[in-house]
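Here we start with a single chain on its own, the form predicted on its own, put down as structure tokens.
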Amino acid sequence: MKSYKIACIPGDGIGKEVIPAGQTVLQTLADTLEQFSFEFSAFDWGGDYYRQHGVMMPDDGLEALYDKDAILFGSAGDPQIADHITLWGLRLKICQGLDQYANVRPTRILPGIDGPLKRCRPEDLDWVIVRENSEGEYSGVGGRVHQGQPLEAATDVSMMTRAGIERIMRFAFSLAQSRPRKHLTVITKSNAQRHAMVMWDEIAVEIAREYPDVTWDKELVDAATARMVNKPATLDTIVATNLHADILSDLAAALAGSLGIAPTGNIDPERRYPSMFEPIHGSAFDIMGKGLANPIGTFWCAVMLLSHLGEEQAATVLMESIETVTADATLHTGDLGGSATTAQVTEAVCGHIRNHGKIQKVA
């Protein structure tokens, strides 16, 4: 029986509630299917750690993750700590330190979810957004001078490299190739950003030649927002820069019904390091500790984690359990217009997993 080492990093806010829920669901799968086991390791990094140690995670923290098979991450964000400290000190430190250069965000309307696009059928909104996750607008290149003076100046430089663009384009084209429609939309802003984004466009043309069975088109990022709202069925796989995809994927989650159900995977496609899976909803301190957080985003992350590990049967069982629960309006949390608690949704998903196990044993 395979045993997987999973690092659990709840982080801040409701991350401390949804990550334990995700761990419970994963353990229920392992106990029910009896095909693999998990060895969970908890890391208390985040805002509380920062208040004690002055850093969001230890300087040698990455070394503690090297031997893990995957990472389940909650959120980074604390109202008492500047956002750039929480982000760069934890999430980006892990993503960049482990070269998780492909951020993958699936989006679709789950059963029972009422999305805001009333004319949109569930089959019309079934996207995967690929976000370049290692450079671009979040490279960290820049600085400030003459702080507090009339001549104060600050720069943030979007740093793009041919190697970085080539590898994310190949990943996106390969992902599009694996999906039924085999279609990719490349997001750009080369009309205004005439250097790096022009290189982005040119490399997209080059890489496209390697995938003759994939159809593709190009869309300016501002026009893409309107296309996502007005013509969702024209989109399938999408690739964009770090900042552009960050914004578009939040819009996508909102169009699918709620940020609370949206997952993401920070992937090292070469599998040199563990990949990290996290819900995109943030720390949500306004509902922290109230048992109101929607754990579905974390559970969908667990589906991605299982698939990444090659446990496709378990991933399918969990996704079917998630969809059964979302189809029941009495199990919707507040972000979906309901009153269910984190614990109730978690137990419902675990119950469906156990029922699947009983059916399999009878069969």
Ligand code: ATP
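In case it trips you up, residue 1 is the first one in the sequence shown, and so on. No experiment lies behind these values; they were computed from the predicted model shown.
The form predicted together with adenosine-5'-triphosphate (ATP) exists for this protein as well; it is not shown, and the discussion that follows is about that form.
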Please tell me which of Ala196, Leu259, Leu248, Ile267 lies within 4.5 Å of adenosine-5'-triphosphate (ATP) in the predicted bound form, judged by heavy atoms. Leu259
Could you spot which one of Ile287, Ile85, Met159, Leu220 gets a heavy atom to within 4.5 Å of adenosine-5'-triphosphate (ATP) in the predicted bound form? Ile287
Spot the stretch among 75-83, 176-184, 112-120, 133-141 with residues whose non-hydrogen atoms come within 4.5 Å of adenosine-5'-triphosphate (ATP) in the predicted bound form. 75-83
Is it the case that Ile14, Ser283 and Asp335 all touch adenosine-5'-triphosphate (ATP) in the predicted bound form, with a non-hydrogen atom of each within 4.5 angstroms? yes
May I ask you to check whether Ile168 falls inside a 4.5 Å heavy atom distance of adenosine-5'-triphosphate (ATP) in the predicted bound form? no
Partner contacts for 291-312, taking adenosine-5'-triphosphate (ATP) in the predicted bound form and a 4.5 Å heavy atom cut-off: Leu292, Ala293, Asn294
